[in-house]
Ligand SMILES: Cc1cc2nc3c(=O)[nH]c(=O)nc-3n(C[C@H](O)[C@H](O)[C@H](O)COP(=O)(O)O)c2cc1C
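Single chain ahead, written as structure tokens, the form predicted alone.
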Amino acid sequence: MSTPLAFQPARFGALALRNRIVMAPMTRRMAGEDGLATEAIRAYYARRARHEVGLIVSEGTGIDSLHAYDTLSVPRFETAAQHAAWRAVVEAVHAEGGAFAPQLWHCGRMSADPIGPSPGEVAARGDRPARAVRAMEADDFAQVLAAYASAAAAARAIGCDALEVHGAHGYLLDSFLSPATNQRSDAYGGSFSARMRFPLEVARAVRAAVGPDFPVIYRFSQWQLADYAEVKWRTPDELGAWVNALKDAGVDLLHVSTRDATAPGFPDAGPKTLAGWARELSGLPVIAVGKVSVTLTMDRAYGEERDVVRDPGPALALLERGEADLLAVGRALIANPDWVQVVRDRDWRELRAFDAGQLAALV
């Protein structure tokens, strides 16, 4: 019996992987207040690499100390000391045979000091009070572009195998795409092509900073934290304009974050997933993510409701039928650092169910 494609080696340009399973980026907020990745963070990622995850994408790392992070315990990717701490993580992952990509993150409207395309207010969430959002001005655009470029150059310098730009879930770049949060009337708002402008400027700045051959991943989503039912691209043509613009801006891989990786991207257009559409329309390799071997959706996953392990077979089949090139596993990899080995070599029913209590420590 042949090995499923998910567990075979793969190469995407300069990115060589021992298999096609990706650790999805998941915010943990367990760095020191200095933004340094700790020994516990290093061990957390190294453990998943030891259990044969192909590509580790880090939790979101703040690209600056001005507006990018939402709490001081978010690790950052700005100073020489922070870069050195992440270099130790990269080296630990490499020692276990894995590949590593930091996720470059700007929280934007949801940051501790919120900025975004338009003024407004972000509702209170958890122990965080409601906050007023300041609309970005020319100096802000320049500062954010420079921060992304600096972080990207550092990712290459410390030996990362790729990097990911977080352009999803209502954070800064995603907030420019949504007409609900971008109500500008200048060159950065109005039409969809104008709302794409700043995310594409970031993609081009990142590409310029790392050179032509370093792999750049861009994560995008239909949904955002403030509106889990949001749909930004209502037709394949709209999605095609976006993914081809990312391709032209220098993006190498698309990370398509969906509520369910196996669900139709456009139900009126057939069963093809959003990842499948993105791959077909752009010609770029695609990472699919969303409810892989978990049952609860993201908006329900962190309360008291108990999750149930779900058969990962339908998600793995996306690779076999050419709708995705890589499959990202999130919450199930917190519960099961050995997810790859269990699913490949044993029985997926042996997987441990995820629950929010597992977020109390990095293990």
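Keep in mind it's a predicted model, so treat the numbers as computed, not measured. All residue numbers refer to positions in the sequence shown, first residue = 1.
Below: the form predicted in complex with this ligand, not depicted.
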| query | finding |
| --- | --- |
| Partner proximity in the model of the complex: Thr27 to this ligand, non-hydrogen atom cutoff 4.5 Å | yes |
| This ligand contact at Arg48 in the model of the complex, heavy atom, 4.5 Å | no |
| Partner contact for Leu5 in the model of the complex: this ligand, 4.5 angstroms, heavy atom | no |
| Contact test in the model of the complex: Pro312 vs this ligand, heavy atoms, 4.5 Å | no |
| Non-hydrogen atom within 4.5 angstroms of this ligand in the model of the complex for each of His67, Ser111 and Leu172 | no |
| Listed range touching this ligand, judged in the model of the complex by heavy atoms within 4.5 Å, from 312 to 320, 298 to 306, 48 to 56, 34 to 42 | 298 to 306 |
| This ligand: the contacting residue among Pro215, Gly98, Pro117, Gly290 in the model of the complex [heavy atom, 4.5 Å] | Gly290 |
| Option touching this ligand, based on a heavy atom within 4.5 Å in the model of the complex, out of His106, Arg219, Arg279, Arg76 | Arg219 |
| Those residues of 330 to 362 which, in the model of the complex, come within 4.5 Å of this ligand by heavy atom | Gly330, Arg331, Leu359 |
